Every structure is written in C-alpha cells, then in structure tokens.
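Heads up, the chain below is alone and in the form predicted on its own; it's given as structure tokens.
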C-alpha cells in the first residue's frame, strides 16, 4: 500500500492518530515493533481526568474528555469505560482550601464539581480512613482499560483502510528515506531516538493490582498532594492513587522516578507506594495482590506533550511526551495533529504543544 501517512507506534496515542488520519481519508500505515498498546499504554491506570496544573493542560484534558464522552458508546465492553468520577481527597484544612480553589477554577470553565465535607466523603468511600477533611468530586471523569482501547482504535483505522505492520522496529528515519508519506513519531519515551533533539525523558512508574473485591473502592481516588509529588523532577515520589476496575479488582498507584532504566520492580518503591495507600485506606493492606508491573512515561520539561511538526525533520510530526496523561489526551492529540496536517481550524490553541529541539 502506498501510504500518505506512516504512524510509528501503536500505543494509545499512535492508535488514536492513525484512526483520526484514516477517518479523514488518508492512506495510513501503522508500524509497531511489539504489542498494540503494550508499552506505556499498558502501564497506565486508564484514568480520564480533567487537570488544572496550567491553562494549556486544562484545555487539552478538557477537550479530550469531551471526545471520550462522544466515543464512549462505540467502545467495546472490553474497554471497560466507566464514568466513576474522581475524588480529589483532602487530608486537612490547607488541602480543603485547594479543593475550593479547584472547584472555582473548574466552575469558571464549565466543568461541574462538588465539594464534599468529611461526612460526605465517609459516605462516598467508607474504606477511607476517618478524619480526612473532605474532597472535590469531579463526576464526569472516567476510567478505561487502555490496551483494549488502543486495539479498538487500530481496528477502526484498519476498517477505514489503514494497514498494520507488526513486529517491525524502526531504528532511524533513514529506513523510511524513500517514503513520500508524512511520518508520525508516536513512540513515547523512545521518540528522541527517531527524532534527535526532542527533550523527552523516561519516567518510571509502578502499579499493583489486587484480586477481586467489588465495592471496596467506588471512585477514582487521588490525594491532593499528588499534584505536588507528581511534578517533582528532583527526587522519586509516590502518591495515593487508587482505582476501581469493572472486574472488582483494585488498581493501586502511583510512583514516579527519573534516572532508572531497569524495568524490574523495585521493592523499595512498591513498599513506599503501598504504605502511602495504607495511610489513606488502612484496610487496603489486607487485600490480596496478584500482579505488579512497571512502565516508562515520556516526560517533558514543560509537563505538556509535543503535538506538531518536528523542527528538525520537515516530514515528521511528533505526538509524544504525554507523561501520565497519555490515556486522557490521546484523542485530543490525534485531533490536533490532524488539524495541523490537514490545515483545519483546531478547537484549542496549538502553540503550547509545539515540539522543541
């Protein structure tokens, strides 16, 4: 097949880009070295969340959350789409002040939230420890099973004429030197190997999943302190981040590390992560864990992904650097990339996501 576009990487971001470009009538070739949705996608919690660390982050996550809501009815049951909502848990009065700030921020931008006091929070999540100050509830946030969504998006792209080439690893763009197609680099933390100069660093994370305990957790639970620890660039960090799965299992996160290239589980980090979870949910330690694993997120200095034309490779487009928000922002990334390629008017400003280097 003579391709108009070659998408390298079939994680959820690459899969979304391939699907969008194929829907727009381009002939798409998807090249994936391993499993579809097997890299950082398989190491993501699947939390679709509107974030407010910056205006650009809010714009991208809010836009993508709306796209997820539109896609939800098309997703297969294996995607496990669940509008569980997020509870941002406040431990004390200082964090309740942050709850009120977030509530105001979201309200001004049309996102519905509710402030829960200590009693409301106890009723919403009985297994949280007593004495927590309250929470911010964001009811529209959702959960998906990312590898199945990635596979679904690739299937959709192929139904629209795309072709998937599995098991082929691209080592450098020179291998595609004879291609007249545009190239989308959607290889996550590996993107700089194909597009030198991109300021992307791998950031290791651990996850743990339990046996089935239906009802133990009802919402996505995240400590408000996560916002500080998740963005530390100087040291390893852990935060309370717990998710209910449709299977009744409990998915426990999260950790973040720079400077570690070994995919093996580091027991000191897992121990810290579980101790943090037990600080908020004391009975979580009694659950039976069945599997732990790690993955590497693609992190950028500005904490925003790169979505746009490579400054060094005119025929290459970058869709990488999503760190912990790749699942959430995959659909918006695909739209914004296609907007630029096809000269369409984007729904949000593109400038904050322009690739560097």
Ligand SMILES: Cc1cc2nc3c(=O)[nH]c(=O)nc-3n(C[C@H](O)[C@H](O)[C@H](O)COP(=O)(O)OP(=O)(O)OC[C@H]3O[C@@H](n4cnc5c(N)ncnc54)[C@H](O)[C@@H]3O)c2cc1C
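Model, not experiment: these values are computed from the prediction. Positions refer to the first chain, counted from 1.
Separately, the form predicted in complex with the named molecule exists; it is not shown, and the next lines address it.
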Which of 84, 170, 239, 111 has a heavy atom within 4.5 Å of the named molecule in the model of the complex? 170
Contact test in the model of the complex: residue 34 vs the named molecule, heavy atoms, 4.5 Å: yes
In the model of the complex, does residue 307 come within 4.5 Å of the named molecule, counting heavy atoms only? no
Quick one: does residue 153 come within 4.5 Å of the named molecule in the model of the complex, counting heavy atoms only? no
Any of the heavy atoms of residue 63 lying within 4.5 Å of the named molecule in the model of the complex? no
Proximity to the named molecule in the model of the complex (heavy atom, within 4.5 Å), stretch among 284 to 292, 52 to 60, 309 to 317, 38 to 46: 38 to 46
Only counting heavy atoms and a 4.5 Å limit, does any residue of 320 to 337 reach the named molecule in the model of the complex, and if so which ones? 322, 323, 324, 325, 326, 327, 328
